[in-house]
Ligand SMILES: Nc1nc2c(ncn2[C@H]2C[C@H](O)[C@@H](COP(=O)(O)OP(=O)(O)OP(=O)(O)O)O2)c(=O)[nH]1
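Only one chain is included here, represented as C-alpha coordinates and corresponding to the form predicted alone.
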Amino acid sequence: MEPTKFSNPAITRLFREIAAAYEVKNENRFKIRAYDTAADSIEHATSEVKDLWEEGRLSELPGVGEGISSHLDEYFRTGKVKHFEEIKKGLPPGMFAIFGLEGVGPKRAYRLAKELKVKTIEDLHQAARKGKIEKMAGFGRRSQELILKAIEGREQHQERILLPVAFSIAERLIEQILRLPGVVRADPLGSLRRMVSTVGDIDIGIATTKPQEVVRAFTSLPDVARVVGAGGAKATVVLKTGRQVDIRVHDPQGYGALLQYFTGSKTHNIHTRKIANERGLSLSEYGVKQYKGGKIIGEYLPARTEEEFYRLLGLPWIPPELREDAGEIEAAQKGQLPKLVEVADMAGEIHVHTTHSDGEETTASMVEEALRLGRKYIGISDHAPSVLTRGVASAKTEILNRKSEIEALREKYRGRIEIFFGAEVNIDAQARMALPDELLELYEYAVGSIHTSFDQPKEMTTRRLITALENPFINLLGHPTGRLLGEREAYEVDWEKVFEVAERQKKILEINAYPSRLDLPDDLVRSARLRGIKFVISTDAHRHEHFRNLRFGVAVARRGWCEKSDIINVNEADRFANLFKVRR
(Lines give C-alpha, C1' and ligand atoms only; values in the text may rest on other atoms or scores of the structure.)
Protein backbone atom coordinates (compact mmCIF):
# COMPACT_ATOMS: atom_id res chain seq x y z
CA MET A 1 0.00 0.00 0.00
CA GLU A 2 1.35 3.42 -0.95
CA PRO A 3 2.16 5.80 1.90
CA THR A 4 -0.40 8.59 2.27
CA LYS A 5 1.75 11.36 3.68
CA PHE A 6 -0.52 14.17 2.50
CA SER A 7 -3.84 12.43 3.16
CA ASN A 8 -6.28 13.69 5.78
CA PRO A 9 -5.57 10.79 8.19
CA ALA A 10 -1.81 11.49 7.98
CA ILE A 11 -2.26 15.20 8.70
CA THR A 12 -4.75 14.45 11.47
CA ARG A 13 -2.21 12.11 13.01
CA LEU A 14 0.56 14.69 12.68
CA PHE A 15 -1.46 17.34 14.51
CA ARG A 16 -2.41 14.90 17.26
CA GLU A 17 1.28 14.08 17.69
CA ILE A 18 2.06 17.78 18.15
CA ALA A 19 -0.76 18.13 20.70
CA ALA A 20 0.61 15.05 22.48
CA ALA A 21 4.14 16.47 22.53
CA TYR A 22 2.84 19.73 24.00
CA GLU A 23 0.92 17.79 26.67
CA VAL A 24 3.93 15.71 27.71
CA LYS A 25 6.04 18.87 27.90
CA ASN A 26 3.30 20.56 30.01
CA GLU A 27 2.86 23.37 27.49
CA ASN A 28 0.04 25.90 27.53
CA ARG A 29 -3.30 24.06 27.36
CA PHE A 30 -4.55 26.46 24.69
CA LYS A 31 -1.79 25.27 22.36
CA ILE A 32 -2.81 21.66 22.99
CA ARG A 33 -6.46 22.49 22.35
CA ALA A 34 -5.64 24.36 19.13
CA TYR A 35 -3.96 21.35 17.55
CA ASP A 36 -6.60 18.91 18.81
CA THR A 37 -9.33 21.15 17.35
CA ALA A 38 -7.52 21.38 14.01
CA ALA A 39 -7.06 17.59 14.00
CA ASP A 40 -10.78 17.08 14.66
CA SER A 41 -11.66 19.43 11.82
CA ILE A 42 -9.37 17.68 9.33
CA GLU A 43 -10.37 14.20 10.47
CA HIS A 44 -14.02 14.87 9.67
CA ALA A 45 -13.51 17.02 6.58
CA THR A 46 -15.19 15.54 3.51
CA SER A 47 -12.60 17.07 1.17
CA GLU A 48 -8.88 16.31 1.10
CA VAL A 49 -7.02 19.13 2.86
CA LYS A 50 -4.27 19.11 0.25
CA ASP A 51 -6.90 19.84 -2.39
CA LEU A 52 -8.16 22.77 -0.32
CA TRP A 53 -4.57 24.05 0.04
CA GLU A 54 -3.99 23.86 -3.70
CA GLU A 55 -7.20 25.81 -4.27
CA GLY A 56 -6.37 28.44 -1.63
CA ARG A 57 -9.31 27.37 0.53
CA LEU A 58 -7.68 26.34 3.83
CA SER A 59 -9.57 29.15 5.55
CA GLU A 60 -12.76 27.12 5.01
CA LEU A 61 -11.60 24.59 7.62
CA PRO A 62 -13.02 25.45 11.05
CA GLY A 63 -10.38 25.48 13.77
CA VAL A 64 -7.50 26.02 11.32
CA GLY A 65 -6.21 29.52 11.93
CA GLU A 66 -3.43 31.53 10.36
CA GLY A 67 -0.60 29.90 12.32
CA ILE A 68 -1.65 26.32 11.61
CA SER A 69 -2.37 27.23 7.98
CA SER A 70 1.21 28.44 7.61
CA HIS A 71 2.47 25.11 8.99
CA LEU A 72 0.26 23.25 6.52
CA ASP A 73 1.65 25.37 3.70
CA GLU A 74 5.21 24.45 4.72
CA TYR A 75 4.25 20.79 5.06
CA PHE A 76 2.70 20.57 1.59
CA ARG A 77 5.61 22.46 0.02
CA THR A 78 8.50 20.69 1.75
CA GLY A 79 7.09 17.51 3.30
CA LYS A 80 8.03 18.60 6.83
CA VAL A 81 7.58 21.40 9.37
CA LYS A 82 10.68 22.64 11.21
CA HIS A 83 8.66 23.86 14.18
CA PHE A 84 7.13 20.39 14.63
CA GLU A 85 10.56 18.74 14.54
CA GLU A 86 11.75 21.06 17.32
CA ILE A 87 8.72 20.29 19.46
CA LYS A 88 9.35 16.54 19.23
CA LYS A 89 13.02 16.79 20.21
CA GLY A 90 13.89 14.90 23.38
CA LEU A 91 10.80 12.68 23.27
CA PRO A 92 11.07 8.93 22.58
CA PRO A 93 9.90 8.27 19.00
CA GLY A 94 7.96 5.22 20.15
CA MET A 95 5.44 7.35 22.01
CA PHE A 96 4.15 8.77 18.72
CA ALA A 97 3.68 5.29 17.32
CA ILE A 98 1.57 4.06 20.22
CA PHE A 99 -0.38 7.02 21.60
CA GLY A 100 -3.97 7.22 20.48
CA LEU A 101 -4.69 3.57 21.12
CA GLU A 102 -7.75 3.31 23.34
CA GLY A 103 -6.53 3.79 26.90
CA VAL A 104 -3.11 5.17 25.84
CA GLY A 105 -2.99 8.95 26.13
CA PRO A 106 0.15 11.03 25.51
CA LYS A 107 1.63 10.73 29.01
CA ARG A 108 1.00 6.99 29.19
CA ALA A 109 2.52 6.59 25.72
CA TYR A 110 5.58 8.52 26.90
CA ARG A 111 6.03 6.22 29.91
CA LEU A 112 5.51 3.03 27.90
CA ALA A 113 7.97 4.13 25.23
CA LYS A 114 10.57 5.28 27.73
CA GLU A 115 10.32 2.54 30.37
CA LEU A 116 9.68 -0.46 28.10
CA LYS A 117 11.77 0.87 25.20
CA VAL A 118 8.94 0.17 22.75
CA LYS A 119 9.23 1.79 19.33
CA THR A 120 6.27 0.32 17.44
CA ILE A 121 2.76 -1.01 18.00
CA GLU A 122 4.16 -4.51 17.55
CA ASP A 123 6.73 -3.88 20.32
CA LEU A 124 3.89 -2.81 22.59
CA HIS A 125 1.90 -5.89 21.58
CA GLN A 126 4.81 -8.15 22.55
CA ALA A 127 5.29 -6.32 25.86
CA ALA A 128 1.60 -6.75 26.69
CA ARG A 129 1.69 -10.46 25.82
CA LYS A 130 4.66 -10.93 28.14
CA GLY A 131 2.84 -9.21 30.99
CA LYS A 132 5.26 -6.28 31.21
CA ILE A 133 2.62 -3.53 31.21
CA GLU A 134 0.67 -4.77 34.22
CA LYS A 135 3.87 -4.55 36.28
CA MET A 136 4.25 -0.81 35.66
CA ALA A 137 3.08 1.55 38.38
CA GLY A 138 -0.33 3.02 37.58
CA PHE A 139 -1.24 0.43 34.92
CA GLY A 140 -2.25 -3.03 36.17
CA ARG A 141 -3.80 -6.07 34.50
CA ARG A 142 -7.00 -4.31 33.35
CA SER A 143 -5.00 -1.64 31.52
CA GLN A 144 -2.90 -4.32 29.87
CA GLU A 145 -6.01 -6.19 28.69
CA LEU A 146 -7.51 -3.00 27.23
CA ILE A 147 -4.28 -2.20 25.38
CA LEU A 148 -4.19 -5.72 23.92
CA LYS A 149 -7.81 -5.38 22.81
CA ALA A 150 -7.13 -1.98 21.25
CA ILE A 151 -4.11 -3.27 19.29
CA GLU A 152 -5.98 -6.29 17.97
CA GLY A 153 -8.97 -4.15 16.97
CA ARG A 154 -6.68 -1.68 15.21
CA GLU A 155 -5.08 -4.43 13.14
CA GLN A 156 -8.48 -5.43 11.81
CA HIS A 157 -9.20 -1.92 10.49
CA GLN A 158 -5.88 -0.84 9.00
CA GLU A 159 -5.90 0.75 5.54
CA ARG A 160 -9.66 1.32 5.45
CA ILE A 161 -10.95 4.73 4.38
CA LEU A 162 -14.07 6.29 5.90
CA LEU A 163 -16.92 6.22 3.40
CA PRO A 164 -17.40 10.03 3.23
CA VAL A 165 -13.68 10.58 2.54
CA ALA A 166 -13.57 7.91 -0.18
CA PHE A 167 -16.79 9.28 -1.65
CA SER A 168 -15.35 12.81 -1.80
CA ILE A 169 -12.18 11.62 -3.56
CA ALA A 170 -14.15 9.61 -6.12
CA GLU A 171 -16.65 12.41 -6.66
CA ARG A 172 -13.88 14.92 -7.39
CA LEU A 173 -12.15 12.55 -9.82
CA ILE A 174 -15.38 11.61 -11.60
CA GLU A 175 -16.10 15.30 -12.22
CA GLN A 176 -12.72 15.56 -13.99
CA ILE A 177 -13.16 12.26 -15.85
CA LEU A 178 -16.56 13.28 -17.25
CA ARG A 179 -14.89 16.26 -18.93
CA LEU A 180 -12.47 14.04 -20.87
CA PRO A 181 -13.23 13.57 -24.61
CA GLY A 182 -14.96 10.28 -25.37
CA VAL A 183 -16.27 9.62 -21.84
CA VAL A 184 -19.94 8.64 -21.78
CA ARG A 185 -20.31 7.75 -18.12
CA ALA A 186 -18.23 7.22 -14.96
CA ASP A 187 -19.16 5.56 -11.66
CA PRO A 188 -17.52 4.45 -8.42
CA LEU A 189 -17.17 0.69 -8.11
CA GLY A 190 -16.86 -1.90 -5.35
CA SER A 191 -17.65 -1.26 -1.71
CA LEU A 192 -17.75 2.49 -2.38
CA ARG A 193 -20.68 2.12 -4.78
CA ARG A 194 -22.36 -0.21 -2.29
CA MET A 195 -21.82 2.55 0.31
CA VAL A 196 -20.09 0.33 2.89
CA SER A 197 -19.06 2.31 5.99
CA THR A 198 -15.33 1.93 5.28
CA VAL A 199 -13.71 1.42 1.90
CA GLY A 200 -10.54 -0.49 1.07
CA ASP A 201 -9.83 0.73 -2.45
CA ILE A 202 -11.12 3.50 -4.68
CA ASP A 203 -12.13 2.03 -8.05
CA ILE A 204 -13.88 3.88 -10.87
CA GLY A 205 -15.57 2.50 -13.98
CA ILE A 206 -15.65 4.49 -17.22
CA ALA A 207 -17.79 3.95 -20.31
CA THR A 208 -15.99 5.30 -23.37
CA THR A 209 -15.59 4.87 -27.11
CA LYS A 210 -11.94 5.94 -26.84
CA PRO A 211 -10.36 3.66 -24.20
CA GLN A 212 -6.68 4.30 -24.89
CA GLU A 213 -7.12 8.07 -25.11
CA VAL A 214 -9.15 8.14 -21.88
CA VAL A 215 -6.62 6.01 -19.96
CA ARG A 216 -3.83 8.29 -21.17
CA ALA A 217 -5.78 11.45 -20.27
CA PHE A 218 -6.72 10.07 -16.85
CA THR A 219 -3.10 9.40 -15.93
CA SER A 220 -2.34 13.04 -16.78
CA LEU A 221 -5.03 14.59 -14.56
CA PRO A 222 -3.70 17.31 -12.21
CA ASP A 223 -4.51 15.25 -9.08
CA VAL A 224 -2.29 12.35 -10.21
CA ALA A 225 1.18 12.20 -8.66
CA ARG A 226 2.43 8.93 -10.11
CA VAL A 227 1.30 6.22 -12.51
CA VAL A 228 1.73 2.73 -11.08
CA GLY A 229 0.56 1.01 -14.23
CA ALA A 230 -1.51 1.80 -17.31
CA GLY A 231 -2.45 -0.10 -20.41
CA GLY A 232 -5.33 -1.63 -22.24
CA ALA A 233 -8.57 -1.14 -20.32
CA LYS A 234 -7.24 -0.11 -16.91
CA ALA A 235 -4.84 2.12 -15.00
CA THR A 236 -3.58 2.45 -11.43
CA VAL A 237 -2.37 5.80 -10.12
CA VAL A 238 -1.33 7.37 -6.85
CA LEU A 239 -2.87 10.77 -6.19
CA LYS A 240 -0.95 13.71 -4.72
CA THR A 241 -2.69 12.94 -1.44
CA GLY A 242 -1.14 9.46 -1.49
CA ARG A 243 -4.39 7.63 -2.21
CA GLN A 244 -4.34 4.85 -4.80
CA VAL A 245 -7.07 4.81 -7.46
CA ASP A 246 -7.83 2.18 -10.11
CA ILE A 247 -9.91 2.78 -13.22
CA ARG A 248 -11.43 0.32 -15.66
CA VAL A 249 -12.74 1.41 -19.05
CA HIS A 250 -15.26 -0.39 -21.24
CA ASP A 251 -17.22 0.06 -24.42
CA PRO A 252 -20.61 1.65 -23.65
CA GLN A 253 -22.43 -1.34 -25.27
CA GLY A 254 -21.37 -3.63 -22.42
CA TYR A 255 -20.72 -1.11 -19.65
CA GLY A 256 -23.65 -2.40 -17.56
CA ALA A 257 -21.88 -5.75 -17.22
CA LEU A 258 -18.63 -4.15 -16.06
CA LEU A 259 -20.48 -1.88 -13.62
CA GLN A 260 -22.36 -4.80 -12.11
CA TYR A 261 -19.34 -7.11 -11.98
CA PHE A 262 -17.02 -4.68 -10.20
CA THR A 263 -19.69 -3.29 -7.88
CA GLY A 264 -19.98 -6.75 -6.31
CA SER A 265 -20.25 -8.01 -3.74
CA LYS A 266 -18.41 -11.23 -4.47
CA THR A 267 -21.15 -13.37 -2.90
CA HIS A 268 -23.85 -11.48 -4.82
CA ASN A 269 -21.98 -12.11 -8.07
CA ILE A 270 -21.55 -15.82 -7.33
CA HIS A 271 -25.32 -16.05 -6.93
CA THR A 272 -26.03 -14.13 -10.17
CA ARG A 273 -23.61 -16.38 -12.09
CA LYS A 274 -25.52 -19.42 -10.85
CA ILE A 275 -28.78 -17.92 -12.11
CA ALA A 276 -27.12 -17.03 -15.42
CA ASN A 277 -25.89 -20.59 -15.93
CA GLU A 278 -29.38 -21.93 -15.25
CA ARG A 279 -30.65 -19.62 -18.00
CA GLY A 280 -27.96 -20.68 -20.47
CA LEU A 281 -25.84 -17.56 -20.01
CA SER A 282 -22.25 -16.83 -18.99
CA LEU A 283 -21.27 -13.67 -17.11
CA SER A 284 -17.97 -11.83 -16.97
CA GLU A 285 -16.72 -8.28 -16.54
CA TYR A 286 -16.77 -7.98 -20.33
CA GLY A 287 -20.42 -8.86 -20.80
CA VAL A 288 -23.02 -11.60 -21.13
CA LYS A 289 -22.82 -14.45 -23.65
CA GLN A 290 -24.81 -17.58 -24.42
CA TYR A 291 -23.64 -20.77 -22.68
CA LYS A 292 -24.56 -24.15 -24.17
CA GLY A 293 -23.11 -27.63 -23.89
CA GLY A 294 -20.43 -26.41 -21.53
CA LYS A 295 -19.22 -23.83 -24.05
CA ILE A 296 -19.49 -20.06 -24.28
CA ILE A 297 -20.79 -19.11 -27.72
CA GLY A 298 -21.84 -16.11 -29.81
CA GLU A 299 -21.40 -12.40 -29.42
CA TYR A 300 -21.88 -10.37 -26.26
CA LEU A 301 -25.52 -9.58 -25.59
CA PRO A 302 -26.44 -5.89 -25.18
CA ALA A 303 -25.93 -4.72 -21.58
CA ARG A 304 -25.44 -0.97 -21.77
CA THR A 305 -26.96 -0.52 -18.33
CA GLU A 306 -27.33 -2.59 -15.19
CA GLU A 307 -31.07 -2.64 -15.83
CA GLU A 308 -30.40 -4.47 -19.13
CA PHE A 309 -27.92 -6.78 -17.39
CA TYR A 310 -30.37 -7.85 -14.67
CA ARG A 311 -33.18 -8.15 -17.23
CA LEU A 312 -31.14 -10.84 -19.01
CA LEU A 313 -31.24 -12.78 -15.74
CA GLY A 314 -34.99 -12.31 -15.41
CA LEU A 315 -34.52 -9.91 -12.50
CA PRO A 316 -35.39 -6.27 -11.83
CA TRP A 317 -32.50 -3.90 -11.14
CA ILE A 318 -31.15 -4.38 -7.59
CA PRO A 319 -29.87 -1.26 -5.80
CA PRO A 320 -26.09 -1.49 -5.13
CA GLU A 321 -26.55 -1.04 -1.38
CA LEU A 322 -28.43 -4.35 -1.19
CA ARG A 323 -25.97 -6.50 -3.13
CA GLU A 324 -24.58 -8.62 -0.30
CA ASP A 325 -26.36 -11.93 -1.09
CA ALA A 326 -28.48 -11.38 2.00
CA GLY A 327 -31.83 -12.20 0.45
CA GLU A 328 -31.95 -9.43 -2.14
CA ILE A 329 -31.89 -11.85 -5.11
CA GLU A 330 -34.73 -13.94 -3.69
CA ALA A 331 -36.69 -10.75 -3.01
CA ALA A 332 -36.05 -9.60 -6.58
CA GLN A 333 -37.28 -12.93 -7.95
CA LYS A 334 -40.51 -12.55 -5.95
CA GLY A 335 -40.97 -8.88 -6.87
CA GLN A 336 -40.52 -7.94 -3.21
CA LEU A 337 -37.49 -5.62 -3.26
CA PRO A 338 -37.97 -2.68 -0.88
CA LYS A 339 -38.47 0.79 -2.32
CA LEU A 340 -35.50 2.29 -0.51
CA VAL A 341 -35.55 5.65 1.24
CA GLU A 342 -33.78 8.47 -0.64
CA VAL A 343 -32.00 11.65 0.42
CA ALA A 344 -34.74 13.67 -1.28
CA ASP A 345 -37.26 12.13 1.14
CA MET A 346 -35.65 13.68 4.21
CA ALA A 347 -37.54 16.59 5.77
CA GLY A 348 -35.70 17.58 8.94
CA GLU A 349 -32.73 17.35 11.33
CA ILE A 350 -33.10 16.73 15.05
CA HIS A 351 -29.60 15.92 16.37
CA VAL A 352 -27.71 19.22 16.10
CA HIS A 353 -25.12 20.84 18.38
CA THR A 354 -24.26 24.51 18.81
CA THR A 355 -21.87 26.66 20.82
CA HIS A 356 -24.02 25.93 23.88
CA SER A 357 -22.10 22.63 24.13
CA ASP A 358 -19.46 21.22 21.78
CA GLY A 359 -20.78 22.69 18.52
CA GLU A 360 -18.83 25.29 16.60
CA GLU A 361 -21.64 27.62 15.45
CA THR A 362 -24.51 29.48 17.06
CA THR A 363 -28.06 28.20 17.14
CA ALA A 364 -29.13 30.90 14.66
CA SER A 365 -26.34 29.89 12.24
CA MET A 366 -27.41 26.23 12.26
CA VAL A 367 -31.06 27.17 11.79
CA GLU A 368 -30.15 29.37 8.83
CA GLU A 369 -28.23 26.54 7.15
CA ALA A 370 -31.07 24.07 7.68
CA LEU A 371 -33.44 26.59 6.14
CA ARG A 372 -31.10 27.16 3.18
CA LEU A 373 -30.98 23.39 2.58
CA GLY A 374 -34.77 23.23 2.46
CA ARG A 375 -35.28 21.44 5.77
CA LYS A 376 -38.79 21.75 7.16
CA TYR A 377 -37.64 21.54 10.78
CA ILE A 378 -34.54 21.37 12.95
CA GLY A 379 -34.07 20.09 16.48
CA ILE A 380 -31.32 21.65 18.59
CA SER A 381 -29.99 18.95 20.92
CA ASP A 382 -26.94 20.31 22.71
CA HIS A 383 -25.38 18.26 25.49
CA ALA A 384 -27.35 18.88 28.65
CA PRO A 385 -25.71 20.95 31.40
CA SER A 386 -24.11 18.85 34.10
CA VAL A 387 -25.97 18.48 37.38
CA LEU A 388 -22.81 17.14 39.05
CA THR A 389 -20.77 20.27 38.39
CA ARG A 390 -23.55 22.88 38.42
CA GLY A 391 -26.19 21.53 40.75
CA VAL A 392 -29.86 21.11 39.89
CA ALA A 393 -30.84 24.78 40.32
CA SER A 394 -28.04 26.12 38.13
CA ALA A 395 -28.62 23.45 35.48
CA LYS A 396 -32.34 24.31 35.43
CA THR A 397 -31.56 27.99 34.91
CA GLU A 398 -29.25 27.13 32.00
CA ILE A 399 -31.91 24.91 30.41
CA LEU A 400 -34.56 27.62 30.70
CA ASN A 401 -32.19 30.20 29.21
CA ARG A 402 -31.55 27.93 26.21
CA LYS A 403 -35.28 27.34 25.90
CA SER A 404 -35.92 31.09 25.81
CA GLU A 405 -33.44 31.43 22.95
CA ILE A 406 -35.23 28.68 21.01
CA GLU A 407 -38.61 30.33 21.60
CA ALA A 408 -37.29 33.64 20.28
CA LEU A 409 -35.86 31.96 17.19
CA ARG A 410 -39.07 30.01 16.72
CA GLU A 411 -40.97 33.29 16.58
CA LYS A 412 -38.43 34.82 14.19
CA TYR A 413 -38.61 31.90 11.75
CA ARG A 414 -42.32 31.14 12.13
CA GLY A 415 -43.80 29.90 8.87
CA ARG A 416 -40.36 29.21 7.38
CA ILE A 417 -38.94 26.39 9.50
CA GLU A 418 -40.04 24.67 12.71
CA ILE A 419 -37.56 24.55 15.60
CA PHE A 420 -37.65 21.91 18.34
CA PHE A 421 -35.88 22.21 21.70
CA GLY A 422 -34.03 19.09 22.78
CA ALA A 423 -30.91 17.79 24.48
CA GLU A 424 -28.44 14.95 24.21
CA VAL A 425 -28.16 13.34 27.64
CA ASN A 426 -25.50 10.90 28.78
CA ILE A 427 -26.41 7.46 30.09
CA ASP A 428 -23.91 7.15 32.93
CA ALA A 429 -21.84 4.15 34.02
CA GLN A 430 -24.38 3.25 36.72
CA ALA A 431 -27.19 3.03 34.12
CA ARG A 432 -28.76 6.34 35.11
CA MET A 433 -29.65 9.33 32.99
CA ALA A 434 -27.29 12.22 33.69
CA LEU A 435 -30.27 14.52 34.24
CA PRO A 436 -33.11 13.84 36.68
CA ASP A 437 -36.62 13.58 35.23
CA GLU A 438 -37.58 16.98 36.65
CA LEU A 439 -35.04 18.56 34.30
CA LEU A 440 -35.56 16.18 31.37
CA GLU A 441 -39.22 17.17 31.21
CA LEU A 442 -38.19 20.79 30.51
CA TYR A 443 -37.08 19.70 27.05
CA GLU A 444 -39.42 18.95 24.17
CA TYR A 445 -37.42 15.81 23.44
CA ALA A 446 -34.19 14.13 24.55
CA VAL A 447 -31.58 11.90 22.92
CA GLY A 448 -30.09 9.31 25.26
CA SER A 449 -26.50 8.36 24.42
CA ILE A 450 -23.49 6.69 26.01
CA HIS A 451 -20.41 8.94 26.13
CA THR A 452 -18.36 7.37 28.92
CA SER A 453 -17.21 3.96 30.26
CA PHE A 454 -17.25 2.11 26.92
CA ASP A 455 -15.55 -1.05 28.19
CA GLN A 456 -18.12 -2.27 30.68
CA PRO A 457 -19.38 -5.88 30.60
CA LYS A 458 -22.06 -6.73 28.06
CA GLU A 459 -24.77 -7.05 30.71
CA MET A 460 -24.10 -3.57 32.11
CA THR A 461 -23.94 -1.84 28.74
CA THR A 462 -27.20 -3.55 27.76
CA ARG A 463 -28.77 -2.34 30.99
CA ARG A 464 -27.63 1.23 30.30
CA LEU A 465 -29.29 1.29 26.87
CA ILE A 466 -32.48 -0.25 28.24
CA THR A 467 -32.56 2.38 31.00
CA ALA A 468 -32.73 5.09 28.34
CA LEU A 469 -35.38 3.28 26.32
CA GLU A 470 -37.57 2.85 29.40
CA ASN A 471 -37.31 6.48 30.47
CA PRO A 472 -40.49 8.33 29.42
CA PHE A 473 -38.54 11.52 28.64
CA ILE A 474 -36.05 9.88 26.25
CA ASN A 475 -37.32 9.96 22.66
CA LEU A 476 -34.30 8.65 20.78
CA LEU A 477 -31.39 6.27 21.42
CA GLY A 478 -28.35 8.07 19.98
CA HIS A 479 -25.42 6.42 18.12
CA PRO A 480 -26.43 3.13 19.77
CA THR A 481 -23.27 1.00 19.35
CA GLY A 482 -20.81 3.73 20.34
CA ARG A 483 -18.36 2.73 17.62
CA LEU A 484 -15.84 5.14 16.11
CA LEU A 485 -14.71 3.66 12.82
CA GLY A 486 -11.01 2.86 12.83
CA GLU A 487 -10.66 4.10 16.42
CA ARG A 488 -13.02 2.31 18.78
CA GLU A 489 -14.96 -0.92 18.50
CA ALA A 490 -18.66 -1.01 19.27
CA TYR A 491 -19.38 -1.92 22.86
CA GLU A 492 -20.75 -5.34 23.62
CA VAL A 493 -24.54 -5.36 23.83
CA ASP A 494 -27.34 -7.93 23.86
CA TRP A 495 -29.16 -6.41 20.89
CA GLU A 496 -32.07 -8.83 21.06
CA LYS A 497 -32.91 -7.51 24.53
CA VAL A 498 -32.43 -3.88 23.47
CA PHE A 499 -34.61 -4.30 20.38
CA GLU A 500 -37.25 -6.11 22.42
CA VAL A 501 -37.52 -3.13 24.78
CA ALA A 502 -37.41 -0.58 21.94
CA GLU A 503 -40.24 -2.44 20.22
CA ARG A 504 -42.30 -2.66 23.40
CA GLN A 505 -41.73 0.99 24.35
CA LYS A 506 -42.20 2.13 20.73
CA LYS A 507 -38.91 4.04 20.93
CA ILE A 508 -36.94 5.39 17.99
CA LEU A 509 -33.34 4.42 17.15
CA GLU A 510 -30.87 6.78 15.56
CA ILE A 511 -28.93 6.20 12.35
CA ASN A 512 -26.13 8.67 12.99
CA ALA A 513 -24.51 10.01 9.79
CA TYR A 514 -21.38 11.43 11.44
CA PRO A 515 -18.46 10.17 9.26
CA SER A 516 -16.69 8.16 11.96
CA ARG A 517 -19.92 6.75 13.41
CA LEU A 518 -22.47 5.65 10.76
CA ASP A 519 -24.26 4.14 13.71
CA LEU A 520 -26.61 2.11 14.00
CA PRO A 521 -24.70 -0.16 11.57
CA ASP A 522 -26.65 -1.50 8.60
CA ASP A 523 -26.90 -5.10 9.83
CA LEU A 524 -28.47 -3.97 13.10
CA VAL A 525 -30.72 -1.54 11.23
CA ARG A 526 -32.11 -4.44 9.25
CA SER A 527 -32.61 -6.57 12.37
CA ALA A 528 -34.44 -3.74 14.15
CA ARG A 529 -36.52 -2.98 11.06
CA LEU A 530 -37.78 -6.56 10.96
CA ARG A 531 -39.25 -5.93 14.41
CA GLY A 532 -41.08 -2.83 13.16
CA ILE A 533 -38.78 -0.41 15.00
CA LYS A 534 -38.60 3.07 13.42
CA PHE A 535 -35.55 5.27 12.89
CA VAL A 536 -34.38 8.85 12.71
CA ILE A 537 -31.51 9.63 10.34
CA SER A 538 -29.46 12.51 11.74
CA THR A 539 -26.15 14.17 11.02
CA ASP A 540 -25.11 14.92 14.63
CA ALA A 541 -23.99 18.22 13.10
CA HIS A 542 -21.49 20.32 15.05
CA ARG A 543 -21.11 22.90 12.27
CA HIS A 544 -23.12 23.69 9.17
CA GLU A 545 -20.93 21.65 6.76
CA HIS A 546 -21.90 18.50 8.64
CA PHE A 547 -25.43 18.70 7.23
CA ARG A 548 -23.92 17.44 3.95
CA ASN A 549 -23.28 14.08 5.61
CA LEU A 550 -26.98 13.23 5.62
CA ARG A 551 -26.58 11.16 2.45
CA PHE A 552 -24.26 8.77 4.28
CA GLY A 553 -26.84 8.16 6.99
CA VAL A 554 -29.39 7.53 4.26
CA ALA A 555 -26.92 5.06 2.71
CA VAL A 556 -26.78 3.11 6.00
CA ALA A 557 -30.59 3.05 6.09
CA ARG A 558 -30.70 1.80 2.49
CA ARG A 559 -28.17 -0.95 3.28
CA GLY A 560 -30.50 -1.89 6.15
CA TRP A 561 -33.39 -2.24 3.63
CA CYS A 562 -35.23 0.82 4.96
CA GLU A 563 -38.11 2.30 3.05
CA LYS A 564 -39.49 5.78 3.51
CA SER A 565 -42.07 4.44 5.97
CA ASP A 566 -39.28 3.19 8.28
CA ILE A 567 -37.82 6.69 8.80
CA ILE A 568 -39.88 9.20 10.79
CA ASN A 569 -38.00 12.39 9.85
CA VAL A 570 -39.22 12.09 6.27
CA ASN A 571 -42.53 13.48 7.55
CA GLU A 572 -43.71 17.07 7.69
CA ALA A 573 -43.16 18.84 11.02
CA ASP A 574 -46.58 18.19 12.60
CA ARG A 575 -46.61 14.51 11.67
CA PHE A 576 -42.99 14.10 12.80
CA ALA A 577 -43.72 15.78 16.16
CA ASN A 578 -46.58 13.36 16.72
CA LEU A 579 -44.56 10.25 15.83
CA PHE A 580 -41.52 11.44 17.81
CA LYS A 581 -43.73 12.35 20.80
CA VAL A 582 -42.40 15.90 21.00
CA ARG A 583 -43.57 17.48 24.26
CA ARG A 584 -45.20 20.85 23.56
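Residue indices: 1-based, along the sequence shown. The structure presented is a predicted model; accordingly, all values stated were derived computationally and were not measured. If you superpose the two forms and keep the largest set of C-alpha atoms that fall within 1.5 Å, you have the rigid core.
The same protein also exists as the form predicted in complex with the ligand; that form is not shown, yet it is the one meant from here on.
Here the marked residues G359, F421 and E424 all miss the ligand in the predicted bound form; none has a heavy atom within 4.5 angstroms. Only one segment in the set 77 to 85, 267 to 275, 350 to 358, 444 to 452 has any non-hydrogen atom within 4.5 angstroms of the ligand in the predicted bound form, and it is 267 to 275. Under a 4.5 angstroms non-hydrogen atom cutoff, the ligand in the predicted bound form lacks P316 among its neighbouring residues. By the criterion of a heavy atom within 4.5 Å, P385 is excluded from the residues contacting the ligand in the predicted bound form.
Using a 4.5 Å cutoff between non-hydrogen atoms, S191 counts as a contact of the ligand in the predicted bound form. Shown alone here, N512 lies farther than 4.5 Å from the ligand in the predicted bound form, counting heavy atoms only. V199 is the sole member of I378, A257, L322, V199 with a non-hydrogen atom within 4.5 Å of the ligand in the predicted bound form. Among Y110, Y491, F499, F262, the residue placing a heavy atom within 4.5 Å of the ligand in the predicted bound form is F262. Once you line up the core between this form and the one not shown, the Cα of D36 ends up 2 Å or more from where it was. A displacement of 2 angstroms or greater separates the C-alpha positions of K234 between this form and the one not shown, with the rigid core held in common.
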